[in-house]
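Okay, so here's just one chain, in structure tokens, the form predicted on its own.
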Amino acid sequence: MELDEIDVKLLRLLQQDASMSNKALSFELNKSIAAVHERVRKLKRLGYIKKTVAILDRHKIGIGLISFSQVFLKAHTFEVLNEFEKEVAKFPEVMECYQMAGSYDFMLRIATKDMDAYHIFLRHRLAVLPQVNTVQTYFVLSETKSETAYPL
């Protein structure tokens, strides 16, 4: 499906504030509430809108450390890659997991309370996975930009 100008504007608005009511959206789009409701339902049904979430302030919930870990696996067979992905997806500390091209296999974004919590996670959960050869981690000192909205 090709997105029209109204769909794009609607997606931009929802990326900035998914809690906007259909009434508020209809005012911004100059469309009826029913038309906006139907467009949102269609965009969800077609997978453009995957889910609606609340973005929390990590500091207020006790997440003081963000790190990025490069993971090198012992082998690159289909089974090893799939098993690693399956296992790492179970860890609530892993916020994102990407298979990479280049000198390492996966990049993980990890959120923990502090360095001690990261150390426990690394030693008792991540590094003990049988597929893992090496983990190299970088710790975030400050966050200049963190965006959830894709450019449209």
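As the structure is a prediction and not an experimental result, all values here were calculated from the model. From 1 onward, residues are counted along the sequence shown.
One more form of this protein should be noted, the form predicted together with the DNA, which is absent from this view; the next part is about it.
J.: Report the residue, out of R125, K113, K42, R109, that has at least one non-hydrogen atom within 4.5 angstroms of the DNA in the predicted complex.
T.: By the 4.5 Å heavy-atom cutoff, the listed residue in contact is K42.
J.: Exactly one of M100, A34, V53, L56 has a non-hydrogen atom within 4.5 Å of the DNA in the predicted complex; which residue is it?
T.: Of the candidates M100, A34, V53, L56, A34 is the one lying within 4.5 Å of the DNA in the predicted complex.
J.: Taking the DNA as it sits in the predicted complex, is Q16 in contact with it (heavy atom to heavy atom, 4.5 Å or less)?
T.: Output for Q16 is no: heavy atoms all beyond 4.5 Å of the DNA.
J.: Are any of the heavy atoms in N133 no more than 4.5 Å from a heavy atom of the DNA in the predicted complex?
T.: No - in the predicted complex, heavy atoms of N133 and the DNA never come within 4.5 Å of each other.
J.: Is there a non-hydrogen atom of N22 within 4.5 angstroms of a non-hydrogen atom of the DNA in the predicted complex?
T.: Within the cut-off, so yes.
J.: Could you tell me which stretch in 81 to 89, 63 to 71, 101 to 109, 22 to 30 has residues with non-hydrogen atoms within 4.5 Å of the DNA in the predicted complex?
T.: Going by heavy atoms within 4.5 Å, the stretch is 22 to 30.
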